[in-house]
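The chain below stands alone and is given in structure tokens; this is the form predicted on its own.
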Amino acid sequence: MKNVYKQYIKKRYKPKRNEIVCEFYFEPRKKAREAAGAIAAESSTGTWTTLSTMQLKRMAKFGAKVFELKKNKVKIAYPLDLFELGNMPQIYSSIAGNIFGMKEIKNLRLVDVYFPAKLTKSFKGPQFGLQGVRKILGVKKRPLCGTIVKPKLGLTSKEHAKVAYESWIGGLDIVKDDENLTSQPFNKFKQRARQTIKLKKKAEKETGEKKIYMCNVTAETNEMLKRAKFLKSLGNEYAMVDILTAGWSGLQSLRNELQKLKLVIHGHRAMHAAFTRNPKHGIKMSVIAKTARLIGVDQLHIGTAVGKMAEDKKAVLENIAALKNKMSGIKRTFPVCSGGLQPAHVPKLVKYFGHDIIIQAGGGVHGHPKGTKAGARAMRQAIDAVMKKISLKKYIKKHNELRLAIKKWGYK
């Protein structure tokens, strides 16, 4: 083992309560102890060679410590002084930075992070969170139900607003922009926001229910802040952002602004699979979920275990736990299930994940044989059936929209 890495192996060390602890899955090129030491060194105080500037006492104080090493798992403790409080980009530059490109490592995956209370409290967390969102909608128990306007791209702002309106009056609580719809030539942001929010208010009057429009503000940071202010001026309650493509810095800036505006943050996880999908390399989705919650996302996509997304039930439950487990007083983030969903998936989603989820179906609403309004009714009927503990096979006998949806897509 290289001498510069050996000093980071402290197998008898017991992490202190105020330290960040990271768990990694790793596959070394050669020796496991050298690779583990390299991870700890590069993510804290070390480098590849001895240094004239190195002071051993200070190295002992600030250096990360490998305290557990079993097969392909390594746990590393980091002194809190290595990090700037309230600065998520800096934290990730350390615990998920150069270490992924080191020669000693064949594969590396960040599978869990423990954030100590002092660091956790330096972030704002969700402003509204799960309970705050329920309060806005006036829905205490049942899963919330929403859709994503389809097709993803191509509709004009007027067409987009009409699809949203039909979704709301069909019974859905929520309408969301797709992740790659921002302000394209055929559908400008301000026009879409004005027209869709106008029809949202119309739907609220007609149905007597609170409705939500999650308008995508994702852009350069200053532009995001301007767009959020514009939504507030129109009386909207939400802003949506693609948390990973916007970046932790952009997300923190948006969270700060939305606290002033009192807007809910809906977080989309576009690009996550570039980090999360390879089980041997990258960053686990539950770590990203925990990070987004810490920064202050009120709602976040977490997979489905059914539908078109790759995660299985175990992975989705881990993501939900990251959003809902106790975290030094940080509010819970509302889990969102979205991706290839249709009415027949509702019973399994509730069985697997409980009532505290937001179920969003795009194609599973707009692909209904009778159109968007009927598709929205079918989704709401499926949720009503589950809440009444009636099987879908029985419920379709008196609910035609649900029957037609099941006929088209089956009980998948």
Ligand code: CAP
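Residue numbers here begin at 1 and follow the sequence given. Keep in mind that what you see is a predicted model, and the values were worked out from it rather than measured.
Below, we turn to the form predicted together with the named molecule, even though it does not appear here.
- Only one of 79, 171, 339, 116 comes within 4.5 Å of the named molecule in the model of the complex through a heavy atom, and that residue is 339.
- A heavy atom within 4.5 Å of the named molecule in the model of the complex is found for one listed residue only; from 211, 227, 293, 269, this is 269.
- At a distance threshold of 4.5 angstroms between non-hydrogen atoms, residue 110 is out of contact with the named molecule in the model of the complex.
- Contact between residue 309 and the named molecule in the model of the complex is found at the 4.5 Å heavy atom cutoff.
- Residue contact with the named molecule in the model of the complex: residue 148 places a heavy atom within 4.5 Å of it.
- The named molecule is not shown here, and in the model of the complex it never comes within 4.5 Å of any heavy atom of residue 46.
- The candidate stretches are 116-124, 175-183, 254-262, 86-94, and the one lying within 4.5 Å of the named molecule in the model of the complex by heavy atoms is 175-183.
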